[in-house]
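What follows is a pair of forms of the same protein chain, given separately as C-alpha cells and numbered structure 1 and structure 2.
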Structure 1
Amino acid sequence: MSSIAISLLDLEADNFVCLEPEDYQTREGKWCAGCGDFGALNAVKRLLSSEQLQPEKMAFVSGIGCSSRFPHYVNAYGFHGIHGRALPIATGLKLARPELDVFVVMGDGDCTSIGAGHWLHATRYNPNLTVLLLDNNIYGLTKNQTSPTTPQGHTSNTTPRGSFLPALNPLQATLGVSNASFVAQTADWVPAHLYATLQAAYEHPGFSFVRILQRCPKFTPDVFTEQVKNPDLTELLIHEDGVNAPGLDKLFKARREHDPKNLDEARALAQRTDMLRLGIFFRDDSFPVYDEIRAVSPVSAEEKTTRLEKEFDRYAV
C-alpha cells in the first residue's frame, strides 16, 4: 500500500478505502489502438488517485468527438453534451454545485470550431474548471475532416488538395483573452510531463486550460513524428511555479527558465514555431473566480417551488 494510503488511513475511519488509479475507470476505452486519448485517461486516473477524489464529488463534462467519450469511462458524474457546448454546461454545473470538482474534456474541432465562442468567453469568465483540449489536429470521429488546428497543406476528406489556411494556435488564442489565468501545453508521448501538468492545472483556482498534443493513429499518425523521434526539437518551460517533471532532464536537453506570470513572454513563446514547447505558459492565481463571485446561497426545494409558482402567477390569465 502506498504511503499516501497509509497516511489517509491514519486520518480517516476504519472503513476508509484508498482508491487506486484503476478504480476510477468504469469500462474499457473504445478508442483506436495507439490513440492519445488512452494516455490522457491514464494521466487523469493517476491524478484522481493521488488526490483521492471521491467519485460522487466530481464530474466530467464533454462535447462530441472521440475525446468526448471520456465521461463514459471515468467513475464519476458525467455529462456527454452536444458539439461545442461542454463549457457552458460545465460552468452551469459549477455554479449549481460549487462543491464538485469539474473537469471538461474536448477535442480540437469540438473546442476551437463550433465551440470557439464558448471557449473564449469561458476563459474570460474564469470559472474553476480543469479543461483538457485533446488536440490531434483532425476531426477523427467523423472520419478525417480538416479541423481548425490541422496543419496547412494536410490532406483530408474535406480538403483533398490540402488545408488552405494556417492552423489555429489554441495557446495564442487563449492567451489573447482578457482574464485568462492558466494556459499550458503538454503531450501524450511524455506521460510524466502530462501528469505533472494536469496536477498543476487541478491545483489552480480558476479556468485551467491544458492543450494536450497527440496523434490520431488513423488520420494524423505522422503529425508529430519528428518531435517524438528527436527530443532535441522540444523545449521544456521550467520554473518553480511551472511544471518540473522528474526524470526528464536527460531526455530533453532544451530547457528554458520561464516565469509563468510573464504574460508578454508567454505570448511571444506561444507564437514562435522554431521548437515545440511544453509547460505552463501563463499562470496567475490571483484572478477572480467566476463561480465564487457569482455564488448564491443554497435554496430549499420548498423555496424553489414557491418562487416558481410566484413566477408562473405572473402569466396567469
Structure 2
Amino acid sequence: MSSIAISLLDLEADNFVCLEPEDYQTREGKWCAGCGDFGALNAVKRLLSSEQLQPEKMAFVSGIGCSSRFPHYVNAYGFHGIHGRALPIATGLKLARPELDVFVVMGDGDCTSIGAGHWLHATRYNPNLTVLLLDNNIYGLTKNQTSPTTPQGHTSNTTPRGSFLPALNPLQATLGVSNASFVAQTADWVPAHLYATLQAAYEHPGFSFVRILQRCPKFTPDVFTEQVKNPDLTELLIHEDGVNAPGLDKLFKARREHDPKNLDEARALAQRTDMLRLGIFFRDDSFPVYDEIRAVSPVSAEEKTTRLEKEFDRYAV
C-alpha cells in the first residue's frame, strides 16, 4: 500500500488552528504526586504547542512502566507496547511513515535493561526519532526493584542490603555507539532546561536521545536531593550549538563551554562523576539517518505488475 506517501489527492492545505499546550493533553496523568513524569509531560506539551504539530501527524511510542503510560495522556496517536520494545515499533513506524513525528518514551528499566539491545541498535540506525529516557533510577510500576541505573548501595526490594554494582551510565553507553548523533541530559527539576533540551532534540534530524533525570516520589525520592538543593553541584554545558535556556545563568554558576561536535570531550564529560552535567553532550546532524537512506519511492500496482512479469521471465520454462 503506497497511499501513505504524498498523494496528489492530499494537496489541499489544512485549516490552521492555533493549539495551546493544554490542547495536547487528553486527560490527567495517573502518576503519583511529585512524579517526574509530570514535568516531562508538561515540557512535551509546550514543545508540541510551540511547534504547532497536528495531533494526527505524530505518534508517541512507549514500552512498559510508569513512564510508558505517557502516550495515553497526549493528544496524538500512541502505541503503548511491551516492555523494552518501544524502539523497534517506533523504527518500523518511522520507516513506514517518515512524514509523522515519532516520539519514544521509555523508563530506565525499559530502555537500559530489558530493551538494551534495541537501544544500542536503534542508536546506530539513527532513525529520526525523539527519544526520552525518563530515568528515575528504579522500577516503580513493579514496586521498587533495582534497575541498571540505580546508584550502588541503594536499597530496594531486590537488593535489600544495597545494590551491588555501580550504576550503568546511559550517556556513556549511548556515546559509545557508532553513528550516535544526539545525546543530551536534562532534569525534571529544571523545567526551562528540560523544555529547551526537548526543543533541540526535536529539531535534530536523527535519533535524539535525551536522558531526563528524575525522582520517584515513592522509591527514589532522595537520589538527587543534594543537586536539587544546591545548584552548585550541577554544571551546565553551554555552547552556541547547545542548549541555551533563558534565566538559568543566575541559578547555575558552574557552566562549561562544550562544543557538542566534540565527541572525545563528550565522552570524557559523560564519564566524570564529580558533578551532575546537563546539556547537549554530543550532536552531529551529518550522520546517516536510517529512514532517509532507506527511503523507497512508491510504485503503482500496475507498474509492479509489469515488473513482476519481467521478474518471472527469469524463471520461465
Partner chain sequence: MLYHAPISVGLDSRRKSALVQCPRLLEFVAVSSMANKETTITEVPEHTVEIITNSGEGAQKCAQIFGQTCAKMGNGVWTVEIIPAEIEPPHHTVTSTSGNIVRFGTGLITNWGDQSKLAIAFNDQVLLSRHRLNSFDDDCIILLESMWENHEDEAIRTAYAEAMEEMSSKNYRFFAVPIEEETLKVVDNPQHGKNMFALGLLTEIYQRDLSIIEKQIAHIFRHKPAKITEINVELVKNGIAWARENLGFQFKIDSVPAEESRVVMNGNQASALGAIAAGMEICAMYPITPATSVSHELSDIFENYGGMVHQAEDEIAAAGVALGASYGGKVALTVTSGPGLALKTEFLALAIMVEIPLVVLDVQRGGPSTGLPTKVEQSDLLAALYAQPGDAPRVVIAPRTIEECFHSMITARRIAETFRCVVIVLTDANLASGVQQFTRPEFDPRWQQDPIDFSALPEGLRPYDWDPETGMSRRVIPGTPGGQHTVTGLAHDEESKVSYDPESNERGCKMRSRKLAVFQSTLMPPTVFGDEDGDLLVVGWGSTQGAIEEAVERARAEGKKVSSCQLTFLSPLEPGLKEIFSRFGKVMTVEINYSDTVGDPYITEETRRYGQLAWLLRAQTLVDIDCWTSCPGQPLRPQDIYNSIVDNLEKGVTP
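Every residue number counts along structure 1's sequence, beginning with 1. As the structure is a prediction and not an experimental result, all values here were calculated from the model. Only the largest set of C-alpha atoms that superpose within 1.5 Å between the two forms is called the rigid core.
In this comparison the chain labelled structure 2 is the form predicted in complex with its partner chain, and the other chain is not. When the rigid core is held fixed, the Cα atom of residue 293 travels less than 2 angstroms between structures 1 and 2. With the core fitted, the CA of residue 308 sits 12.5 Å away from its counterpart between structures 1 and 2.
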